[in-house]
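Just so you know, structure 1 and structure 2 below are the same protein chain in two forms, each on its own as structure tokens.
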Structure 1
């Protein structure tokens, strides 16, 4: 086999893609269609709560087009990190969507399902054996932290997906997977170099985000050969350039030359990027360096409370000049008014947009005095009721606070919404972000083969 073509329809399943771009990709006769379903990027809530951050109808729309195309071309479709976070609840949610499509389109699919959630009991055993180490800046994992965690997933590597493909399936549906693996595993199984396949997968998992102009909702084609790969945007309005592809190679990396993952590291020190024409880029020189130990990244989230927010704005220059002092004074009012409630039971957070709402203490432009500010009042508390109470009092106190030089008496804030306070529900934080050393890469990722028929 001289080359292997991978069609990546979109940056994340459910983000959508133009059907014309997709048809352009299908016309090039890809060997597989692969898509990434998610990551930790949207934060810990979705993993902890067991819900998807992508919309169900949007995911169904994308999957329908992909599954029908896969059947028509006789090629497998691969979905990584199903449901956005890849725990059992997310995998079942995505599988249910597939079943609906199968019924509605009267399809017959042979499906490999690979879960990635690991029980807390199993994690505790591995912890006691000393097989779990922190992934900086995470702290050492404790038994209490494991027990308080809602869900824990492991990032599967290439091996479980390659094992699934041994079964001549129409669809591979995985739980949490290392992002490049659903793109790279079929290539490596076909005999192509691991370093090139994983590097190509690293770019294809974000599809046309790596093109210019970039888009998270458009298609990309990767053509892998034994000494290089070629990337091509499938929308005529976009193109791949050396700058766009090289820049995306650096995306989400702490080291510009090395990208660690399950079983080893992608080494990019000898990588070369060449512009073939105005739309395509050729990449060569990427290598894979196996690690001495095979490690799997663990991700877990625990519930830490409940959130209520209120969004307001101010345009009073007198208030803006002393906003920090005012916010601290309001916190003091809350503390005094609810002295009977423990200070550990709630937390008040202010995000001041127009000044440092994005970067906080890291904001370099500290001397700029804005003409207006957006203020997000956020309260996290042990119960939703307490969060509501503290947010309400904080909002009313800030609204009517009598700061020095104040002229207006009707109120200090403009509210965008009524009701002004918005209960936001459960709050989660990442509690497990560690590496698990294993002897068998497939140990925690069993492959189950299912047949789905539209007539049943």
Structure 2
């Protein structure tokens, strides 16, 4: 095999893509269609609660086009990190969408499903054996933290996906997977070098974000040969330039020369980016350096409470000048009124937009006095009811608080909405972000082969 073509329709399954770009990609006769489904960027809630950050209808639209095209061309479709976070709930959610499409389109698919959730019992065992290490600046994991965590996933490497491809499948659906793997595994299986395959995967997983003008909702094609790969945006209005591709290599990572992943590191110290023509970039020199120990990145989130928020604004300069004192005083009022409730049972936070709402502690310009402020009252409590109670009371206390020098005595806040308080549900935080050392890369990622038929 001289070359291997990978079509990446979109940066995240459900982010969409123009059908025209996708058709341009299919016309190039790709060997696979692959897409990344996930990210930790949208925050800990989605992993913890087992909910996708992408919309079901949008995911179904993208998947329908991909599955039909895969079937027509007789090539496999691969979906990495199904449902956004890749735990069992997310994988089942995506599988359900696939089943619906199979029924509606009357398809027959041979599907490999690879879960990536690891039970707390297994994690506790690995922890006791000393196989789990923190990824700095995360802290050492404790037994208590593991027990409090709602869901833990491991980022699978290439091996489970390559094992799945042994079964001549139409679709590979994975739980949490290291982003480049669904793109790279089929290439490596076809005999192409790991370093180039993984580097190409690293770029393709973001689809046209690496092109200029960039977009997370448009298609890219990667053509891998034995000593280089070529990237091409499939929308004629975009192009790949050395700058756009090299700049993308920086995106979302701390060190652009060394990208650690399961089983080793993509080393780009000798990578070369060359403009092939107006629209295509050629990359060579990317290497894969296997590590001594095979490590899997673990991600976990735990529930920390329930949230209620209220969004308001103030336009009063007398109030704005002493906003910190006012907010502190209101916190005190709430505490006094609910003295019978433990102060550990709830937290009151005020995000003050127009001052440091965006940057918090990192904000250097704290002394600027703006003419208006947006205030988000946020309460996180042990139960939703308590969060509602404390938020309601904080809101009414702040609305009518008689601060020194007050002239506007009718009310201190402008509310955009009625009802003014919004119960925002469960609150999670990342509790596990660690490396697990394994002897067998496939241990926690068993492959199941299923046949789905539309006519049954």
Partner chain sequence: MGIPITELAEVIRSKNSGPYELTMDIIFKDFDSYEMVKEKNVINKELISRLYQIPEKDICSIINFDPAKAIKITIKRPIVAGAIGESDVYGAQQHAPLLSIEV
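Positions refer to the first chain, counted from 1. Please read all numbers here as calculations on a predicted model, not as lab measurements. Definition used throughout: the rigid core is the maximal C-alpha set that superposes within 1.5 Å between two forms.
As summarised for this chain, the second structure is the form predicted in complex with its partner chain, and the first is not. Looking at 23, 42, 360, 304, the entry at the hinge of the rigid-part motion between the two structures is 304, while the rest lie more than 12 positions from any hinge.
When the larger part is held fixed by a C-alpha superposition, the smaller rigid part turns by 7° between the two structures.
Once the core of the two forms is superposed, the Cα of residue 370 has moved 3.0 Å between the two structures.
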